[in-house]
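Shown below, as structure tokens, is a lone chain in the form predicted on its own; questions about how it binds or moves come after it.
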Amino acid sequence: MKILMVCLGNICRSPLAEGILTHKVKENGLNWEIDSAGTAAYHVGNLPDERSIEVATKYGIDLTSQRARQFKANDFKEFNVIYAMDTENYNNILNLAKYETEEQKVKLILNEIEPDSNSSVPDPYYGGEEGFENVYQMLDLACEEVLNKFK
């Protein structure tokens, strides 16, 4: 199984989702590939936001090997499932899809815990520390569902 997590800049939400799911996959002895990307190129090559690193570290997850990258059309071929963190990025990803089979790979991650709600993971970038904790908790629940769905 190859899963891609996508947000806007690939420094807050999607690195957390990648780290959380990677941690769960390793704990379950699964041989999955988890990655993350952003629809924008603002932070390409950068580490995740310090606040994402801090909240992940609090739960025993290390994000410091991650570097931001931009989503590319080839990701449709590389990954089985592409999880968007919010509706704006979901639409941005769909705009790059050329085939229906590519569109079918794209999902909103919170639909895993609230089916058909089409809820967005809030962007914690401009918020305080509690925003990152809240996002972590949402993504932890969603990643647990992803794990159970595909294992």
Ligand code: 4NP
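Residue numbers run from 1 along the displayed sequence. Predicted model only: the values in this text are computed from it and were never measured.
The protein also exists as the form predicted together with ligand 4NP; that form is not presented, and the subsequent description refers to it.
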property	result
Segment that reaches ligand 4NP in the predicted bound form - one of 93 to 101, 42 to 50, 112 to 120, 57 to 65, heavy atoms within 4.5 Å	42 to 50
Contact of residue 5 with ligand 4NP in the predicted bound form (heavy atom, 4.5 Å)	no
Contact of residue 125 with ligand 4NP in the predicted bound form (heavy atom, 4.5 Å)	yes
Contact of residue 11 with ligand 4NP in the predicted bound form (heavy atom, 4.5 Å)	yes
